[in-house]
Ligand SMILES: C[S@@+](CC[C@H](N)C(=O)[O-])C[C@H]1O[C@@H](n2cnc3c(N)ncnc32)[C@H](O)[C@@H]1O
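Before any questions on how it binds or moves, here is one chain, the form predicted on its own, in structure tokens.
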Amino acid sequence: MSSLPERVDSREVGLVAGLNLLHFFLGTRDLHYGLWGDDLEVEVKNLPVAQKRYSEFLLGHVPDGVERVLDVGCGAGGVATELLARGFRVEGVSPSLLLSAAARRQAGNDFVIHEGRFEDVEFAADDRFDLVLFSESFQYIDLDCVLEYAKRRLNPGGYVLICDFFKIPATGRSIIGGGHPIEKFRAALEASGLEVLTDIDITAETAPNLDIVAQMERELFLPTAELVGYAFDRNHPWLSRLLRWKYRKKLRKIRRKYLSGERNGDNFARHKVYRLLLLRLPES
């Protein structure tokens, strides 16, 4: 009896579809946030510039002497490609076959990607790196083990570089998901024995990305959804009513999360803090 094929995560499909969309219209191959400033107007057309600034800011904090890098959650390979172009020896970790394929197309087929979750990938005991990088991937890994697993992959005196957002205490429920609670992260960091070399708050520079999301939802996704719904209602009225009733809870959730306009920069800054942290493993 043959086994059923593994299910494809709809979030992975959505990420790759979004990547293809951004590449077609804007020429960008990055999935990460952009870094904005007063000199850059927050518009979709400027997203590639903001993403380039983010990459330069991130890579500008790679310490001197680092040669070998493990890019955990390498996504579509944008950061890894930049690292390889600068002469670093880079390997990636990715739980997504679809994103791994996109990363290899961008970084090259020689880019080594360890398939699977960081917690599950089996490395050789002596397979060590000078730096373990988490660029918007730290939040997806179990906080109880992520720093310990990173330490195991480091040479003595090696570094962990995290650039990601965390939840902060705030009133009300955030429609924007993701991020470890910052208090729990601080406790895990203190228990890890890693030395904090750099800790920079870049929330103000990254929050505008959610205004870009809100603009795309308002000007692209909502009109498209309404157009498709109108055509389906007119052509298949009975089926349309049945499906709307059957999936009414999911549809309400989708409308609130993706089409309400609540996913914006102000709400992001109210409930999240985005930080860059450079950590160091002691020599002994």
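Just count from 1 along the sequence shown to find any residue number. Predicted, not measured: the structure shown is a model, and the values here were computed from it.
Missing here is the form predicted in complex with this ligand; even so, the following discussion is about that form.
Candidate site formed by 88, 131 and 151: none of these residues places a non-hydrogen atom within 4.5 angstroms of this ligand in the predicted bound form.
Residue contact with this ligand in the predicted bound form: residue 208 places no heavy atom within 4.5 Å of it. Not displayed here, this ligand is kept clear of residue 82 by more than 4.5 Å at the level of heavy atoms in the predicted bound form. By the criterion of a heavy atom within 4.5 Å, residue 161 is excluded from the residues contacting this ligand in the predicted bound form. Though the partner is left out of this view, residue 183 does not reach within 4.5 Å of this ligand in the predicted bound form, counting heavy atoms only. Contact with this ligand in the predicted bound form, judged as any non-hydrogen atom within 4.5 angstroms, is confined among 187-195, 136-144, 171-179, 152-160 to 136-144. Shown here without this ligand, the chain has 93, 95, 96, 99 in 87-110 lying with a heavy atom within 4.5 Å of that partner in the predicted bound form.
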